[in-house]
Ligand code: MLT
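Here we start with a single chain on its own, the form predicted on its own, put down as structure tokens.
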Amino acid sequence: MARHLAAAAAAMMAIAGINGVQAQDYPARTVTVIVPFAAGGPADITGRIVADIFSRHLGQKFVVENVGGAGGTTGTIRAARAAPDGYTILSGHLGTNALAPAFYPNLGYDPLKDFEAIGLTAEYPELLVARKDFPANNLKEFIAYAKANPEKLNVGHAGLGSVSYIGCLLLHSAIGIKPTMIPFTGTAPVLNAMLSGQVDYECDPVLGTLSQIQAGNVKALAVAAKKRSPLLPDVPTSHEQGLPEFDIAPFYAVFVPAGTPQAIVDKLADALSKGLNEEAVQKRLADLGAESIEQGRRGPKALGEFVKSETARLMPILKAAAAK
């Protein structure tokens, strides 16, 4: 018995030693950063900022792979099932890593159990954007038109459970309407559909439609936040326009498969935090409409707690809205 226990202990020590060497040498080859949405949208841009930070601070290639579909859950499942060795990481967000269970009963992964948190990257307040010729120019007019014509409305989103879906579901719940919601593989395709008149509006972080708003090709009706966006200072908030229930700034964050050695988790978290401290990175994120992330909110523990709190805040509302 003692011999067996000694052998088991020796095996565990050997594995720990191997993991320690792996962590010390990490990364020794190219790392895949899964972005679970199509190229061109907020999730993709944020994921590429993350990959660049890791590449510069860890001295190895971090390559973005876009794996879109099913509101981001297709790519997230792939990340959850990857080997927990640090060579596949996920640049996920509020939908994929907190609220997806509200929309997918047979999700294929558990956001809390199947991932280790690395760090919070950014928060992007959402924006209600309509096609250029939509018959409303502010949130009050939008609400009046939507209530009178819910069956005429077509809403574009990046898939069930995506932040664009979640944002508009909160909007619809607050107003009391249930228009037709049309899924796409990402918010970039949604924007193209809105530009061509196939959909009437969408809810998406500011950066996704900013250039088209500035060009006058679509119109912004409300920022879903308490304060206005510095990028669109003339666009009133939902709070200013009398609909505080429409308040959402989805988080974007980095995760690895559960079971990844703690030393690798710490190494990635440290590199991410160092990158977010860089003035050039802060400016780039601010230019994209992101709210700054304080040092104390960035690490694995803070992100894990934040995911749980956002899930507790939003899940009941979304489940009720989805059920209707």
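For clarity, every value in this text was computed on a predicted model and none was experimentally measured. All residue numbers refer to positions in the sequence shown, first residue = 1.
Omitted here: the form predicted together with the named molecule. The next part is about that form.
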**Message:** At 4.5 Å between heavy atoms, only one of the stretches 230-238, 146-154, 100-108, 159-167 reaches the named molecule in the predicted bound form; which one is it?
**Reply:** 159-167
**Asked** Looking in the predicted bound form, any heavy atom of residue 252 within 4.5 Å of the named molecule?
**Response** yes
**Asked** With the partner left out of view, is residue 91 within 4.5 angstroms of the named molecule in the predicted bound form by any non-hydrogen atom?
**Response** no
**Message:** Quick check on residue 47: any heavy atom within 4.5 Å of the named molecule in the predicted bound form?
**Reply:** no
**Asked** Quick one: does residue 76 come within 4.5 Å of the named molecule in the predicted bound form, counting heavy atoms only?
**Response** no
**Asked** For 38-62: residues with a non-hydrogen atom within 4.5 angstroms of the named molecule in the predicted bound form?
**Response** 41, 42, 43, 44
